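Next comes just one chain, in structure tokens: the form predicted on its own.
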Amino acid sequence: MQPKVDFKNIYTGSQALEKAPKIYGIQTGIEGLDDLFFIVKEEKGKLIKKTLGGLPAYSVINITGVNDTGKSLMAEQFAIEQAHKGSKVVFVTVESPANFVAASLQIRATAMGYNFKDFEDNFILIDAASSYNLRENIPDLLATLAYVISTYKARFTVIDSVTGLFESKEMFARAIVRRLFNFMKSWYQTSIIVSQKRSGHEELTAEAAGGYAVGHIVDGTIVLAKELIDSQYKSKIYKKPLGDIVRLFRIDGCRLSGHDTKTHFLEITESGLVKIKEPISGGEEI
């Protein structure tokens, strides 16, 4: 078959900009995170770095790490913050049934000082954990997502976790993530997707189960890690006693805005909230 030119997908710069949304910050509800994203503006002939005040709007951000590093907590805090502000949030749960996720969201909201009853119906949960069809059939999942987003006028989507959509077929991970990414862009969603790392992956790399497919395709990746203090060397570096566990946080790239590049300590509080703390190397935060 003779190759054909696809004229409908050719744009000049100005034509593309006509469809481009304005990028602004979306507050995450996660202490210490929002000021780590920034933009550069020109003022009086000088370029000035200004905090974005949250995740870039319309971005698809991947949160990855091994278990017990705070990935789902971060995703839930983000979802609760948007729902509390009055936005509809689609929560695609792939790991745990919807009723258990709703209970977790309620607990998390209470820890954040919010009355869950006031905004509980701003969440629309899609239970792919209980549905083999939604978990294994991406076209049906996307059709369900499209229905929910259009019906409820949702602006935010969380998927926890995307790894569950290709756990038995990792060779298709790239294709699945690409379809989800294109879908989120076409529906102008600001989206958090959670992905799992294998225990053998280097702690602070963006690689997730399925290889680098997830991190390569999305707009940005947040990497979480934990480390046991089992040597004097680590004790000295992290300034923690032997036997402690430190959790770490790093932003591994973001296409839509500038970002802090340091590795930070991460804390999971007794009430189950994630906080981003100071950089491990010290120095000024943005």
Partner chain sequence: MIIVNSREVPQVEFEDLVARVFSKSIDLLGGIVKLAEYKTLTWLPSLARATIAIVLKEEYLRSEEEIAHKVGITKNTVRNIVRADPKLALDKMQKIEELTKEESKNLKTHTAGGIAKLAYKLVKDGVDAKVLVNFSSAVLEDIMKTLDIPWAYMVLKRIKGIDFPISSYEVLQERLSDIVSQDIKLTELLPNLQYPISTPAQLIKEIKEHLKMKE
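In this text, all values refer to a predicted model and were calculated from it rather than measured experimentally. Numbering follows the first chain given and starts at 1.
One more form of this protein should be noted, the form predicted together with the partner chain, which is absent from this view; the next part is about it.
Participant: With the distance limit set at 4.5 angstroms and only heavy atoms considered, check whether Tyr24, Phe37 and Asp68 all reach the partner chain in the model of the complex.
Facilitator: Checking in the model of the complex: none of Tyr24, Phe37 and Asp68 is within 4.5 Å of the partner chain.
Participant: Any chance Ala111 has a heavy atom within 4.5 Å of the partner chain in the model of the complex?
Facilitator: It does not: once the partner chain is placed as it appears in the model of the complex, Ala111 has no heavy atom within 4.5 Å of it.
Participant: Quick check on Arg155: any heavy atom within 4.5 Å of the partner chain in the model of the complex?
Facilitator: Close contact is absent here: in the model of the complex, Arg155 is far from the partner chain, nothing within 4.5 Å, heavy atoms only.
Participant: Answer yes if any heavy atom of Tyr147 is within 4.5 Å of a heavy atom of the partner chain in the model of the complex; otherwise answer no.
Facilitator: Contact check for Tyr147: yes, within 4.5 Å of the partner chain in the model of the complex.
Participant: Just to confirm, Phe172 within 4.5 Å of the partner chain in the model of the complex by heavy atoms?
Facilitator: Phe172 belongs to the contact set for the partner chain.
Participant: Among the candidate residues Asn182, Asn115, Ser96, Asn137, which is the single one with a non-hydrogen atom no more than 4.5 Å from the partner chain in the model of the complex?
Facilitator: Looking at the other structure, the residue within range turns out to be Asn137.
Participant: Of these, Gln189, Ser87, Gln196, Ser131, which has a heavy atom no more than 4.5 Å from the partner chain in the model of the complex?
Facilitator: Only one option qualifies, and that one is Ser131.
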